[in-house]
Structures are given as C-alpha cells and as structure tokens.
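As a starting point, one isolated chain is supplied in structure tokens, in the form predicted on its own.
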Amino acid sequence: MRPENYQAVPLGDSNEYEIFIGPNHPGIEGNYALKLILDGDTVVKGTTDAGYLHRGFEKLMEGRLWIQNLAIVPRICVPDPAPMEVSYSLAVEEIMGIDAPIRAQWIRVLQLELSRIAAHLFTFGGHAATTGMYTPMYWGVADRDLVLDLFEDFTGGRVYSIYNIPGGVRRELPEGFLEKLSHLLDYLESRQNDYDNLLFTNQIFVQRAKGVGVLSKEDALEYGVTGPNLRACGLAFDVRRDDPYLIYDQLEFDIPTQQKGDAWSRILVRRDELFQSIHILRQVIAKLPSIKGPIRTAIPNPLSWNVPAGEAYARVESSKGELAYYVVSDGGDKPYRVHVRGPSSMHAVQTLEFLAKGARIEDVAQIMFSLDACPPEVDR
C-alpha cells in the first residue's frame, strides 16, 4: 500500500520514478525499507527508511536496573545476540573494577563463536535467496537451528540467551555439552564441500555477486565500515586480535581477507570466518576441562545494586563488525547513559546508500544482504 503522501513520478519530462522496497518485502533484511529513485533499472538515489522495529533501546536502558538491561541488549541484534550481552557486561565490569573469572571468560568465547557461526549461516541463506537461490537458504536455516539447540542446552534460550551478567555467566555448562559441541563442529565441517558447490562456487551465484556493490579501501574507511565488510576490502582488522579481550590472546586463528570489496568477497570472508570459528571452538573444547574455578564474581543484590560512578567503553568483534557499548554510571541503581556503537548503523545507512547509487534494481537486495546489517541496531 502506498503511503498517504506518495507522489507519482515521473514529473514533467523526467524519466526518474520512485519506488519503495520494504519494510515487508522478502528482499529486505528484516523490518527495514529503502526508498529508491530510479532511471529505468538503475538506481539514481537510495534513501534508507528505518524505524519499523524495536526502537529506543538506549533510552529504555536508562530507566531499568543494571541487571534488567540484560533482557534488552540481545534484542538489538537478533541473529547475533551474544556480543551484545558480552560488550554490555564488559563495560559494567570495567566501571565496577572487576573481571569475570577465567573459566567464565572461556565460556563467553564459546558463546561468542557459536553465535558468530549461527549468524553467518543465516546470512548465507539470506544472501543466496536475493539471487533466486532458495536451497542454500533452507540449508542455512536448518544448520543454524542445530546451533540454537546447543544454545538452548546450556543457556536455556534458543535465540535470547540472557546468559552473561556483569561478573561472569549465569550457570555452568551441562554435563556432556562439550561432546555435543564437538559433534556439531564435525557436522559443520562435513558440510563445507556441499556449501562450496551449492553456493560459494556456484556460477549462478558468482556471476550475480561478483563485481556488485564494490567498496574500495578508502571508501570503507571513510564510511566507518568494520568487520567482514572491511576485511573484504583487504584490510585485516579484527578486534579479537588487534585489541584482545577475554582470552582471545591465548587462541590461534587467522583473519580471512579478500581484495575486491564486492558482494562475492564479503560472503567469502564470512565463509572463511565460519571455519575459523570452528578452529577457535576446537581450542576451547580442548582447554576448558582443565580450567577450574568459579563462573562468576560475587556482586551485590541485583535489585539494590548501585554501580560506582564512572564510565567505560567496551568493544568486541561481532559477526557484523566492531560493536561497542559506552556506559556511564552516576552511582545509582540504573545507568545514567548507554550508547551502542553498532556496525549496522554504518553499514545499513551511509554505506548502503552509497553502494545503492548506480546499482541495478535487481542487485539492491543483494547489496543489502552482503553488508549483513541488523535493522534493530539502527532503530536502537
């Protein structure tokens, strides 16, 4: 249905016309919309139209107890919620002057890398579907569900775990969990050739994705691009390696890169990252049984918990890019200010608008999915 203020174009002798894609169009990444000015099949200008999803998280968090906000933060990026929990907890811990126990830090890394795998599987399917390939979408969603089964097993929640708290994690891993995780990793590794043949080297997909939405190194830095989208331009920056947190400095992993900066390069980086996450999880499985001790540091009663006055900026590497929480406390039982520095704000607004200009209409949805943004993070 057209909005009430819709004005038909062309006007006069112009060949340009305006269309909306979203917020419920299947080629849009979630509840999000784009307003396109087109000349024939070519985009003259693309303008993002956000605000259809969860809004005002940052302001809501100022009115809730420190512990209550842990139920809010995962919803800022539904496909990859674990980094939200961890980043918020790290910021609060820094203000409090405490660290999570070593065992809790290893468990957090386990959760983060599982979340990265689930998010990338989801993106593989979504990106493929924008080019008319639906089997990879079914595969990606089905394999992601196997990861969600493990989340339900050790956190109690399939999507929103609400597992991290300032000071550590809520509960210990259940008996036999590491064996289940190892079996899942074996299965995902066995699927590598299937995904390669069906998607990553499939000439239908390659021809549609190669050379589309090209982003240069200079433009990537200008627009604040981070994560896989930056690494697809040849810049090997990863917060896990370049500004280590938790126990990432004790792990061995590579930083996958590509050079072309196009839609195909972006999905190839994510493909390689998934298998790097498996490599990281193998190391966690080998090491975690020998890491003894508590899983959380004692904190005051959460219902009457006043965090000392101060501020902190804690950043992590999410599947979407660099994610950070800036948290300010005035010494009360609620945050004075919370600000989320999320990668999707850069990728889904200014970068998407930049790449949409000059693209063909059939490639717009693909460009959006190749940037892999979280719409609720824009609406936060």
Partner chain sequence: MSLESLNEILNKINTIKITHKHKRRIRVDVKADSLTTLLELIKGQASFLHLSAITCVDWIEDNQFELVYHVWSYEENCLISAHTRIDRDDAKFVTVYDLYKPADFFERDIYEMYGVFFIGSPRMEKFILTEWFGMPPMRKDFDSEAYVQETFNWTEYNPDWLQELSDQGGGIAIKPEDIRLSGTLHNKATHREREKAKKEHVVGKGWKS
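These numbers come from a predicted model, not from an experiment. Positions refer to the first chain, counted from 1.
Here the subject shifts to the form predicted in complex with the partner chain, a form of this protein not shown in this document.
Using a 4.5 Å cutoff between non-hydrogen atoms, residue 352 does not count as a contact of the partner chain in the predicted complex.
Put simply, residue 322 is close to the partner chain in the predicted complex: some heavy atom of it is within 4.5 Å. Using a 4.5 angstroms limit between non-hydrogen atoms, residue 312 touches the partner chain in the predicted complex. None of the heavy atoms of residue 102 is located within 4.5 Å of the partner chain in the predicted complex.
Proximity to the partner chain in the predicted complex, taken as heavy atoms within 4.5 Å, picks out 242-250 from the listed stretches 118-126, 242-250, 73-81, 175-183. For the three marked residues, 62, 328 and 378, a heavy atom of each sits within 4.5 Å of the partner chain in the predicted complex.
Between the partner chain and the residues 221, 98, 159, 286, the one pair within 4.5 Å by heavy atoms in the predicted complex involves 221. In terms of contact with the partner chain in the predicted complex, the residue from 131, 111, 226, 89 that brings a heavy atom within 4.5 Å is 226.
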